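Next up: a single chain in C-alpha cells, the form predicted alone.
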C-alpha cells in the first residue's frame, strides 16, 4: 500500500450541499464507509483532490417506511440493513446480501450506497501501483490493453457487489441527486455492461436513497454467493432469487447475478417457466439459462468455467429451496 495522498476533506450536512461541493471541486469523490474506496486510494487507483464525507448527512443515514415501501439511505450501514426486521421480513434477499458482504467489521462501516456503486474488480486492476506499473498497467487504469482479453479494446472487470442483485429482484429504484436536481430511476438503469464505465450516473451525481417498493414486500427471496474464504473475500459468483407460486406452479421467477459480468443483471427469458412445476428437469433448465448469461472472464485466480458452473448451481439450489419453503 502507498501512503495516503494529500486531499481536502469536506463534511457537508445536507445532500444538496454535498452535491454542490462535489461539482465545484475537480477530482472530488464521495465517501461514506470507504471500505473499498480508501483501499483504492492507498493503491493509487483513485487519486482524489478532495473527499466529500457523507457521514453527517442525516437524510442518508435513515431507513423510513411509508405506503410506497421501504426507503434506505445510501449511507446506512450494511450491518444496520442486515439487522433490520422489516428488511429481513419483507425483502429477505437484501438482508442476506448485506450480511454476506466481507466480515462484521466491514459491515459496520460499509454502506448500502457504496456497495451498490462498488467499482468493478479484476486481478490486473486491484493491485498496488508498483505491481501495475511492472505489468504495463491495464486498459482500465493507465494502460492500453486488457490483460484478460488482450485482443480486444473492452474491459471485463467484474462487478462484485452483493446488495445490487438482491435489490434488482425486488424491482428496486434509486434516487440520484445532481446539479440538475433529483431523479428516481429503476436500479437496473444505473448499470452498464462495461468494466471501465459500469455506472450510468451523471458526473457529480450522488446515489442518495434505495427504494424497495411495497408491492414487492413479503415475497420469498434469498441470496447466496461463492468465495474463496468465508469472510472478507469478494464473491466469485453470486445469485439472488425471487419467486411467486400458486397451486404448486410458478407465477413468476426472478434471478439476478453478480461477480460474473461487468454489471449486476436480471436473467432474461425466465417468463417461459410461468405455469411450470419446479421438477428436476425445470430446475436443470433454469441452471442452464443462468450459465448461458453468466460471462465470467479471468478476472480472479479462479477459472471462469468454474464460476459459471457455480453460479448456475447456486441459482438452481436457491430456486428449489424457495419453492419448497413457500
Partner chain sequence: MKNFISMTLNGRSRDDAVPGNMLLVDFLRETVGMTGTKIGCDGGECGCCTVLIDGKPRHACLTLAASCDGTEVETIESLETGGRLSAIQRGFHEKLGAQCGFCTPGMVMAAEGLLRENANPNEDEIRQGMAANICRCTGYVKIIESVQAAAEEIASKEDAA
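Residue numbers count along the first chain shown, from 1. Computed from a predicted model, the values in this text were never measured in an experiment.
Note that the form predicted in complex with its partner chain isn't included here; everything after this is about it.
232 is the sole member of 228, 232, 185, 217 with a non-hydrogen atom lying within 4.5 angstroms of its partner chain in the predicted complex.
Of the residues 105, 197, 135, 142, just one reaches its partner chain in the predicted complex with a heavy atom at 4.5 Å or closer; this is 105. The candidate spot formed by 43, 79 and 109 is fully in contact with its partner chain in the predicted complex: every one of the three has a heavy atom within 4.5 Å.
At a distance threshold of 4.5 angstroms between non-hydrogen atoms, residue 324 is out of contact with its partner chain in the predicted complex. Proximity of residue 53 to its partner chain in the predicted complex falls within the 4.5 Å heavy atom cutoff. When its partner chain is considered in the predicted complex, residue 69 lies well away from it, no heavy atom lying within 4.5 Å. Its partner chain in the predicted complex comes within 4.5 Å of a heavy atom belonging to residue 35.
Contact with its partner chain in the predicted complex, defined as any heavy atom within 4.5 Å, is confined among 260-268, 35-43, 57-65, 295-303 to 35-43.
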